[in-house]
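The chain below stands alone, shown as C-alpha cells; this is the form predicted on its own.
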Amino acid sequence: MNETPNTSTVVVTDTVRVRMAPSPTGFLHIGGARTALFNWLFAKHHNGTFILRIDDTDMARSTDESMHEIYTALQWLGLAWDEGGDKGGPYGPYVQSERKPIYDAYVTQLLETGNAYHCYCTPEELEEIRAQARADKQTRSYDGRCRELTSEAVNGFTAEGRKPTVRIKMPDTPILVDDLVLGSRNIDPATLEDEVIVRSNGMPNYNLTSIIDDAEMQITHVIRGTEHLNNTPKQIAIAHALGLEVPQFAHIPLVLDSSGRKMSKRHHGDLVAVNRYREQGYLPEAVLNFVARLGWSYDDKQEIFSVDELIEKFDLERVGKSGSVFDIKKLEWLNSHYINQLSISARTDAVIPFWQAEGLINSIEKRDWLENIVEAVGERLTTFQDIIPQTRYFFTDAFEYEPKAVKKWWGGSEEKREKTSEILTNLLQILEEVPSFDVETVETAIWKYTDENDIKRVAAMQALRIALTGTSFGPSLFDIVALLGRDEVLKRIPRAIAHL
C-alpha cells in the first residue's frame, strides 16, 4: 500500500446525505453510537439528511430484537433520523433483506459485462487454496481459478450439485482511496483478491449491498470506523464495475481501552453497550458529549459541549487519525456535571424509577419529601442509579451496619464501644426532649451536648449517622434526622445501642 500526503478536503454538495448502517446482530456498540453521532452532526452542520439503514444480510445472526434495541438506543441519544426503515423515504426500502431484487439486478449486470463470475469451489478446495497461498507467502488467498471456466466444467459442477458463489473481478490497476481523515492511498491490486459478493445460498454480501445502497440512496459521504477501511477499495472496485458514483469516505479511529486494545463486545461486554448507560442512569447529553470527544476535538481546552455547540463546531478536519481511549471516569465526571445542571424536581423525576425498581417506593404521594431527599443528596450522584446506596435507609431500616465504619467510629475495643453506647444513649434522651425536630433545633441541641461534655463533634456525629443509616457517608446528618422524622430516629438509636 502506497500512501500519499493527506491533501483530501471535504467536498460538500448542495445536499449532504449520510447514513448509519448497523447490523442487527446485538446491542448498539458505543463505537456504533459514535459513528451515528458523527454522521448526524455532519448532516446537521450542513443542513443535510441523516439516514438509518439496516444492514441485515447476515440472516443467521440478525434479529428483530437487536433491530429494536438499536432503534431504542439511538432514540434515547436523541439522534433522530430523517429516512429509515420505520419512517420510509424516497429511496426505500431501508432494510437490506427487503432489497434483494435490487441487488439481483446489479449482480446480473456484473455477470453479463464480465465483471463478475460464478465460483464453484467447494469449502475443502478453498481451504487447500488458502493453505497453498500461505505456504507461498501470497497476499491473495484465492487464485481466481474459476475466472475462465469452460461450459463443460460448469455443466460438470452443476451435475455434481455444486451451488456457486459469485465473485467480483478485481482490477489489475491501483485503486485510489481518497479518505477525508486518513488521506489518499493507492491500493496495490496484488493485495486484493476476487471477493465473494453473493453467497452460495443466493444472499449478497456486505461489500456489494453497501456500495449499491450508498449509490441508490445518493449517499454523499460515508463516515464509518477504520475497521471498514479494508472494505473500501473493494467497494470502490464494485462501484466502478457498475458505473456507480463513489461517495466521499471518512474513516474515524477506533475506540480503545486503557491498554490500547479495541473496545469490543467480546472483551468488554456491557461496558460498550449504549443501553447499559441508559439503564444505569446516565443522561443522553453526557453520553453524547463523551462520545463526541472520542476522536474529535475543537481545541485543547473545551470538554463540555451542548448539542447545539457540537452541531455548530463539528467538522471532519478535526477528527484525529489515531485511536481514542475510552475513559469511564471522564464519562462519570461528565454525567455528574449534567445531573447537577438539573433542577431538584427534574432530578427527582429521574431517580423515582430507580427507587420503584428497587421496591423502595410504590407511589409518589410524598413528592415534597422525595424532593427534599434528593436535595439533601446534593451533588453526590454520578449516575441516577447511585440514588439507591445514597438513600436506601430513608425508606427502610432493614440495613446492616457497615463493618469498616463500625470499627472506626463505634470502636474496636470494649472501652470505646461502651463510650459510643453512652454517647448514643445521651443523644437519644436529648432527641426525645427537643421541642421540634427541624434541622436547626436538632443541631443546636446536639452541639450543646458535645461542647458541654468535651466530646469531639465528629465522633458524636458519626456515631449517630451509623446508627441511623448504617454507613459513615451521605448527606448532612441533620438533614437525615429531619427527613427520617422523630419516630424513626427514636426507633433506630435503641437498636444501635443494643447492637453495641
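In this text, residue numbers run from 1 along the sequence as written. These numbers come from a predicted model, not from an experiment.
In what follows, reference is made to the form predicted together with the RNA, a form of this protein that is not presented.
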Check your understanding: Is every one of R199, E227 and K329 in contact with the RNA in the predicted complex, taking contact as a heavy atom within 4.5 Å?
Key -> yes
The stretch from 349-357, 86-94, 168-176, 291-299 that lies within 4.5 Å of the RNA in the predicted complex, judged by heavy atoms, is 291-299
Notebook entry, point to check: Is there a heavy atom of S472 no more than 4.5 Å from a heavy atom of the RNA in the predicted complex?
Noted result: yes
Give a yes/no on whether T383 approaches the RNA to within 4.5 Å in the predicted complex, heavy atoms considered.
-> no
Check: Can K262 be called a contact residue for the RNA in the predicted complex at 4.5 Å between heavy atoms?
Finding: yes
Quiz item: With the partner left out of view, is M461 within 4.5 angstroms of the RNA in the predicted complex by any non-hydrogen atom?
Solution: yes
Students should find that, of L271, V246, L254, I430, the residue having a non-hydrogen atom no more than 4.5 angstroms from the RNA in the predicted complex is L254
Interface check vs the RNA in the predicted complex: of P123, G412, P389, G156, the one with a heavy atom inside 4.5 Å is P123
Looking in the predicted complex, the residues of 315-334 with a heavy atom no more than 4.5 Å from the RNA, listed in order, are R318, K321, S322, G323, S324, V325, D327, K329, K330, W333
